[in-house]
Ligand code: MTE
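The chain below stands alone, shown as structure tokens; this is the form predicted on its own.
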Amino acid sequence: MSDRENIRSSEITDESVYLNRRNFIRAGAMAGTAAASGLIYRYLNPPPPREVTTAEIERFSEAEGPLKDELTPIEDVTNYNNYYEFTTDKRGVASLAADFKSEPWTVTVDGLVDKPRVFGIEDLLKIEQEERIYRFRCVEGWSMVIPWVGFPLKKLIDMAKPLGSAKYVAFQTFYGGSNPKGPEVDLPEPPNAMGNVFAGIPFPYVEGLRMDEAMHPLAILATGLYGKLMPPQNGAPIRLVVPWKYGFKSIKSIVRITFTDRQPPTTWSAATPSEYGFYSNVNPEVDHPRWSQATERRIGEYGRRETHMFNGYAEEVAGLYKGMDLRKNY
């Protein structure tokens, strides 16, 4: 028995449209179609895609154990966000991001790979999608439980065929402001918000993982949540989700993925290295310089709850850091 908290998919009751969840799981895949209304999910039939089995859902939802977690209501998931490119006001992101255009969209995969490629979002939506119910723990001390939809990052890595010299994977967020160092991608300029001068961090936002972290089956590229396309405020149209790390590692609105032999710079560790390390694994034994990480406030609940090592995923990921001093390699 590990210290993981249990998230029972059978006890989820939030969001009425999500009660048809089993049908969504049986659909198993999503494809992108370009229409006047934009990209929408459609079920692939026939032939039916592989069903995501109950065993798999339990594997990633952790449906065994004495504790219970419920999904964070979609209203909170989509209206309590950190997205500094728009604003530092968590409750203000959704309205400022409402007109953000996430199609057309491309993700450039380059660096130390045998198969560099530029993916359209429609290509990535055709990859078999899965539901993953994960805990999401912010470094600020709050948390959520979110039903993501997406696919393992490993699938994209396998398509790129990284060279043996590739040791890290670097990610870059789209930035629609006037930053001259922004990515050169053919995307429409967001009409209303990006360019927040009060963020206190440089843009475009960048993040990185070690190759073995990126290849881990828990790391996903998410294209939706609650069975819907990813909302702009949550990182449309595609974002990283690494559930055993603090939330800022799960970079939003990705436009570039680069394989490299050197540890890549990451926004928060570059801005404040004394507070934010490259790894940023959830660790209740290593406090932030300005607050304790031993407990967390689950959005929608009163009081605080205990934070678990690696956000409760220690059984799956602790081996990645065997022999490392996690107080120094924070």
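Keep in mind the model is a prediction, meaning the values are calculated, not measured. Throughout, we count residues from 1 along the sequence that is shown.
Beyond the structure shown, there is the form predicted together with the ligand, which is absent from this document and is the topic of what follows.
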Only one of these stretches, 226-234, 121-129, 101-109, 160-168, has heavy atoms within 4.5 Å of the ligand in the predicted bound form; which one is it? 226-234
Answer key: of 247, 152, 208, 147, within 4.5 Å of the ligand in the predicted bound form (heavy atoms) is 247
Among the candidates 74, 138, 113, 94, the residue which, in the predicted bound form, approaches the ligand to within 4.5 Å (heavy atoms): 138
Would residue 260 show up as a contact with the ligand in the predicted bound form if we use heavy atoms at 4.5 Å? no
May I ask you to state whether residue 256 is within 4.5 Å of the ligand in the predicted bound form, using heavy atom distances? no
Residue contact check: residue 252 to the ligand in the predicted bound form, 4.5 Å heavy atom: yes
The ligand contact in the predicted bound form: residue 239, any heavy atom under 4.5 Å: yes
Heavy atom within 4.5 Å of the ligand in the predicted bound form - qualifying residues of 81-106: 81, 82, 83, 84, 85
